[in-house]
Ligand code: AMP
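For reference, the chain that follows is the form predicted alone, supplied as structure tokens.
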Amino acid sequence: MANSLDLIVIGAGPGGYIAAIRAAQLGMRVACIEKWRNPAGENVLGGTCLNVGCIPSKALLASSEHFEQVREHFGDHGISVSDARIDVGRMLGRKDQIVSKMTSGIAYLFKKNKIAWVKGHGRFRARDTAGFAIDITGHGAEGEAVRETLSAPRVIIATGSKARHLRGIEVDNEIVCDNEGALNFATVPERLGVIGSGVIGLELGSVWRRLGSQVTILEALPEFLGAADSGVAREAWKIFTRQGLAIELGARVDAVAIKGRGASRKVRIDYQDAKGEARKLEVDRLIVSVGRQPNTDGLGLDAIGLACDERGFIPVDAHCATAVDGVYAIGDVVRGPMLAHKAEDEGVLVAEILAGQKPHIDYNCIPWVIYTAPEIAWVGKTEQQLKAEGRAFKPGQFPFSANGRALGMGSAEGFVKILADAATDEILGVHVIAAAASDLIAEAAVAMEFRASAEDIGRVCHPHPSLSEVMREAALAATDKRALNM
């Protein structure tokens, strides 16, 4: 195999496994190196996303939402339920079954597409006559014996990212956890602390709040959801705090200490509030969710003359090519948002470039999603970004409270907001906070890819009754303020 490969992909997360599959579809002989092992010690594909990220967290979000619906909202439908309880072990088992099904599915796709799955850690050794030599060790530990060496003329680095930890705070994934530990609490903590109000903090904080935890989120920044449109952020703050999430902005954590022993252990957080006053918070579990950092350690990049930037990212051009001819990098190890679907698109992009095609990614049309309840999703520019650029725009907004389908579902919170160019009516950004925002935003992404105007969406017939009608009404509102149902 070592002398017959066209491409080696290092990493089998969404970017890596999709790159390998697309390259194989295009006739390349591909090997994909992956070191991930599940808690049972089995080698599995899928990386962070499928094993301890996107997929398991969405399973828990769904379970917790069902539980809250039973306890809090079924009565609105005339359904009486008494003594509803949550079996945390069974809930976690369901999550693990979904993960196993998904990772097994990738293994099947590798077999179907004749992709060689190389189990271990890949590290560049040097350039050689075949292109690039990569040593494979068992599990990535320094000093491990090299099991084999593969060579190929082209390599895609797709090693993803890992949770960023705070200096001085030890994460044991039992009491003090990152995203991995927070997916596996054996019991519902009475009091839960979360450092960081980003995507992971809000999603996992919401899971355990619905199951009964008293959740306090400490956010260092003075504003909430700074990356989102300001109108959406304000609406989200109102909804989430009403649901019961206690969110403190401008909170600077000074120290974290574990008190007590055994089952009685507690976590004490010393922090300063937005006024600079000293505060203390004692919780049963703590989630540290302060962002992620690229997995670029241990790749041996210096052996081929490649270096990371000061933040650990691998510099690439618009086509994900590094400074070393024949080596590409995609996903969380390069610039841009750390999103699984962005990594997938970059994987397809590189595979098709290697096959002589001319693909393209418009990064402005990549949607963002936060899977809270309601969900938050957006694509394109925010209102504050357009104002900073000095670009004239027309906003159009429509609430789900005026939508029959949303009312029937009991999910009438939120709105769709469309921002269109004041002169041309081209859609510049779409922002949704709603029960199905992750699905609704796809229409906006398609429209923006085709440079559609707000009027284009407004003139497309949407099914009635449906949540998608709100997208149309918001587009009409941006087009001469002519929403039909408001």
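Bear in mind the structure is a predicted one, so any value in this text is a computation, not a measurement. One-based numbering along the sequence shown.
Separately, the form predicted in complex with the ligand exists; it is not shown, and the next lines address it.
Undergrad: Using heavy atoms and a 4.5 Å limit, would one call residue 164 a contact residue for the ligand in the predicted bound form?
TA: Residue-level check for residue 164: yes, a contact with the ligand.
Undergrad: Would you please decide whether residue 395 lies within 4.5 angstroms of the ligand in the predicted bound form, comparing each non-hydrogen atom pair?
TA: Result no; residue 395 lies far from the ligand in the predicted bound form.
Undergrad: Decide whether residue 291 counts as a contact residue for the ligand in the predicted bound form under a heavy atom distance cut-off of 4.5 Å.
TA: Because a heavy atom of residue 291 falls inside 4.5 Å of the ligand in the predicted bound form, the answer is yes.
Undergrad: Is the gap between residue 146 and the ligand in the predicted bound form 4.5 Å or less for some heavy atom pair?
TA: It does not: once the ligand is placed as it appears in the predicted bound form, residue 146 has no heavy atom within 4.5 Å of it.
Undergrad: Name the stretch: of 215-223, 318-326, 231-239, 105-113, exactly one has residues whose heavy atoms fall within 4.5 Å of the ligand in the predicted bound form.
TA: Stretch with heavy atoms near the partner: 215-223.
Undergrad: From the list 374, 196, 380, 205, which entry has a heavy atom within 4.5 Å of the ligand in the predicted bound form?
TA: Flagged contact: 196.
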